[in-house]
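For reference, the chain that follows is the form predicted alone, supplied as structure tokens.
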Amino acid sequence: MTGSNEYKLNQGPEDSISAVKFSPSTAQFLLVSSWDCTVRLYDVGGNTMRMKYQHTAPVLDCAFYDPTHSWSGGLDSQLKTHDLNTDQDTIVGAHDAPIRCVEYCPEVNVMVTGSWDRSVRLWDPRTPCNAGTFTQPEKVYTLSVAGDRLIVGTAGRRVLVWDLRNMGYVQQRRESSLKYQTRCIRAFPNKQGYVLSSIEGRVAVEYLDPSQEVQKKKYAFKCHRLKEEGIEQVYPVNAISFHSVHNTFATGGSDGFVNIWDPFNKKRLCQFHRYPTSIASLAFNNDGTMLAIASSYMQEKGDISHPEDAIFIRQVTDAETKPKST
């Protein structure tokens, strides 16, 4: 099934995959969090698992702070940092409910976590310690960092834009332009806006500048829909990852497909072959030459037998990821 430009990682997680994240500084290392209560570090070039560490419950997200430290959180509500050189754990703190999102903001040098306890918490990675708790209107489902701004997607289709340098008030309160529950938000690398996906086969391209002129540019489109026996099946869009150079983005859905989109010309650049099951997470590496693809059943139809959870590493080309000049 896999071609010469793609391979499956060895020693994959033993349960659903929640997140894949490449190292910010090298294409070599990939972090993977899973419902098997582990976070794993892979050397993707050598196709080997370098190490894994445990939480006491399923892990819902992970992130690199720097090339030698990972942070992770999940259903045990504990935030851990792990030294990938010494294989040592530190529990930094906790939320009052499961931690859904873990991200690093290099501009402000803070770790950001979002939880089902309706809060976002900031953490100083140097100490490490808590640097503030900020109440959100609903459970946090997804968040993304755009420069020194934080975009938070919650239950109830709410979107909040915060300034990480001044968390005293919310910069913008928005409602998702999509009618159904928000699944994923990712910021443009150029920091001008974000892409938001829903459980109902749609993606919205949004801009942060509130001026009328800029807001005119926003749009939404349908995707990850398949006609099966004459009936259109609509799938959740679970994952978004931006190409850091071209500002194009990949989406992954419960239909098992990965698409790459050009938001400037509003076109699909390519679609890869169908993967064995739902796409749970996607990550481009730092220079956009590789895409990590988590093919992992997300319990959409309950506890049924399903293809094994797997991570595929795909080499991608400019032809697949670069906007076509008009």
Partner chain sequence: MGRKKKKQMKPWCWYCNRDFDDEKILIQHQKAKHFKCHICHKKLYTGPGLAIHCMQVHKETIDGVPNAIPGRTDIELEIYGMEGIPEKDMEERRRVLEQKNQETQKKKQNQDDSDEYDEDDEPGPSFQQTAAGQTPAGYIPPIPQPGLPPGSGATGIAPGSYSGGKLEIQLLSMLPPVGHHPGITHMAQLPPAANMLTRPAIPAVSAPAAQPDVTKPLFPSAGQMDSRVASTSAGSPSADSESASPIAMFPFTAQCQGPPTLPPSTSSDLSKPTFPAYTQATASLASPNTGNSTVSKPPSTMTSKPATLTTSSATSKLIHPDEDISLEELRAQLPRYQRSIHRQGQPTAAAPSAGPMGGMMASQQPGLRHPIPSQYGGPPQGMPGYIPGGMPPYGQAPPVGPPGYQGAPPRPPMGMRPPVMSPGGRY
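All of these numbers come straight from a predicted model, not from anything done at the bench. Numbering follows the first chain given and starts at 1.
Below, we refer to the form predicted together with the partner chain, which is not included among the displayed structures.
Partner-proximal stretch of 49-57, 25-33, 286-294, 65-73 relative to the partner chain in the model of the complex, 4.5 angstroms, heavy atom: Result of the contact check: 49-57.
So, R126 and the partner chain: in the model of the complex, are they within 4.5 Å at any heavy atom pair? Answer no; every heavy atom of R126 is more than 4.5 Å from the partner chain in the model of the complex.
4.5 Å heavy atom contact, D318 and the partner chain in the model of the complex: No, no contact at 4.5 Å.
Verify the contact flag for T251: yes if a non-hydrogen atom of it lies within 4.5 Å of a non-hydrogen atom of the partner chain in the model of the complex, no if not. No.
G132: heavy atom within 4.5 Å of the partner chain in the model of the complex? The answer is no: G132 has no heavy atom within 4.5 Å of the partner chain.
Among Y141, R158 and R183, does every residue place a heavy atom within 4.5 Å of the partner chain in the model of the complex? Answer is yes for this spot.
Those residues of 260-295 which, in the model of the complex, come within 4.5 Å of the partner chain by heavy atom: K266, K267, R268 sit within 4.5 Å of the partner.
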